[in-house]
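Quick setup: one chain, the form predicted on its own, written in C-alpha cells, and binding and motion questions come after.
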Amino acid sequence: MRGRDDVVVLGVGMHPWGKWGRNFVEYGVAAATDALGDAGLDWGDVQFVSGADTMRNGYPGYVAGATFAQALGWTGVPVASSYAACASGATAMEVARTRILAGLCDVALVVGADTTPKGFLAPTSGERPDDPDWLRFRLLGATNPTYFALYARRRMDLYGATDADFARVKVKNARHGLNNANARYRKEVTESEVLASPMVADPLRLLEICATSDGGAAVVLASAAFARRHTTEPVRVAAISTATPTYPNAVIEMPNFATDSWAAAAPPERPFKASIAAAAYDEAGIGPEDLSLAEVYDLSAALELDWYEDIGLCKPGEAERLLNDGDTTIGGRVPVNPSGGLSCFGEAVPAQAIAQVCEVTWQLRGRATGRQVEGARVGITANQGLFGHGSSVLLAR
C-alpha cells in the first residue's frame, strides 16, 4: 500500500498571464503541453485528467476535464472536473492525487485556465435571490475590492497596520516578479508611486489590488514508483489541504454578510484561514519552521500580511515586522510570493492554485531564474475560494 505522501510532481507548465482575449482552452492546452514536456511524457501516457473549472466561458468551462481532453485529442482517458472558486486548482489536484494513491492510475494531468472580462469579477447574470454571492453585489454593491478593504481596515484596527505597510508589500512583490517571464506585470514600483495610485476601496489603492487576467497552468502528478523511472529530481507532494471553516466562524468570509453567532459556543481553536495551512502541516508532519518559501493568495497587499500569520510565519500582529525587517523578501528568512504573486499575475481563477504549485516546484528544483530562493527544500501554497474552500499544498525535496 502506498503512503500518503507517495505522489510526485513530475512536470509543470504555464501559459503566461495577460489579457489575451482568446479561448481559455488555448491557454490550458499550452500549459498542459509544457507540463508534459517537462515531465518527459507524451499525451498518450496520461491515465487521468483532472480539470479545474471556469464559470465564465460557457459549458466547456464547466466540464474542464473533458474540454482539455478533447482539445488534446480523445484517448479514452478518464476525466473529472472540479469547481471551488479560487481553490479549484487545489481541489483538482487533490482529486488526481487521491486517484493515484488509490492505485487507479500512475500518471495524472491537472489543468486550469481562464479568460476573464475587463474589470472586477462579478457574478453570472440573472436573478438569483437565494445566491449569497449574487446578493452581495445586488443588495450591497460589495465588489471584491470592498471585501479586501474591510480586511485591510480590520488589520489596521487590530494591529496598527499602515498605508505604508500595504504599499511595501506591493513594492516587494513587484521586485520579485520583475524577472518572471510568466507574470503579466513586470515593472518595479516605489512606495510613493503605490501611495499615489487611485484609491479604489479605502484604504486600498489601485496598485494594491490584483487585476483579473487570462492564463493557464498545469501539473503532471505521478506515483513514486513511476517517478523513479522518469526523474532524478522528484518534488514530493507532502500534503494537500482542502479545509472548510469550523463552526462558529467568527470572521466574515466572502460572500457572506455576517459571521456565525457564537453566543452559545466558543470560537474554534483556529479561525478558518489559519486552519488551511495547519491541516497541511498536520498531514505532512512538517511545520512552518521547516519552510523555505511560500506562495500565498495576495488578492490585496493587506491580505498578504494576514497570510504571514495564517501560515504560521509569525504570531498575530507581527506580520508588519516580518515585512519591514526583510524576512519575506528573496534573501530573507522565508520569502513570500517570490513569483510576484497575484500582484504581478492577476486572477485567472481556476489556474492560480496550480500556478502556485508550478512556482514552488521551480523553486525546489533550483530553476526559478532571476528570483531563485537559494537552497529551497520545502514550500507551501495557500489560498481560499468562495463559500469556504480552503487550499494549501505542501511540496518538499
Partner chain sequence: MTKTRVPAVEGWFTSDPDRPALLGQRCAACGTYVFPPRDRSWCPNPGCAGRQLDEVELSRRGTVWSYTDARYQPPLPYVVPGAEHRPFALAAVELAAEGLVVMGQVVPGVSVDDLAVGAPVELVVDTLYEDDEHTYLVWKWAPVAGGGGA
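No experiment lies behind these values; they were computed from the predicted model shown. Numbering follows the first chain given and starts at 1.
Beyond the structure shown, there is the form predicted together with the partner chain, which is absent from this document and is the topic of what follows.
> Mind checking whether each of Pro123, Leu140 and Pro198 has a heavy atom within 4.5 Å of the partner chain in the predicted complex?
Contact check passed for all of Pro123, Leu140 and Pro198.
> Might Leu158 be said to contact the partner chain in the predicted complex, defining contact as any heavy atom within 4.5 Å?
Leu158: yes, in contact with the partner chain in the predicted complex.
> Flag Ala149 as yes or no: does it have a non-hydrogen atom within 4.5 angstroms of any non-hydrogen atom of the partner chain in the predicted complex?
Contact with the partner chain, yes.
> According to a 4.5 angstroms non-hydrogen atom cut-off, is Ser261 in contact with the partner chain in the predicted complex?
Yes, Ser261 lies within 4.5 Å of the partner chain in the predicted complex.
> Residue-level question: is Trp74 within 4.5 Å of the partner chain in the predicted complex, judged on heavy atoms?
Outside the cut-off, so no.
> So if I measure heavy atom distances to the partner chain in the predicted complex, which of the stretches 213 to 221, 183 to 191, 250 to 258, 293 to 301 falls within 4.5 Å?
Flagged stretch: 250 to 258.
> Work out which of Asp325, Glu269, Asp202, Glu289 lies within 4.5 Å of the partner chain in the predicted complex, going by heavy atoms.
Of the candidates Asp325, Glu269, Asp202, Glu289, Asp202 is the one lying within 4.5 Å of the partner chain in the predicted complex.
> Which pick from Arg153, Arg175, His230, Arg321 sits with a heavy atom within 4.5 Å of the partner chain in the predicted complex?
Selected option: Arg153.
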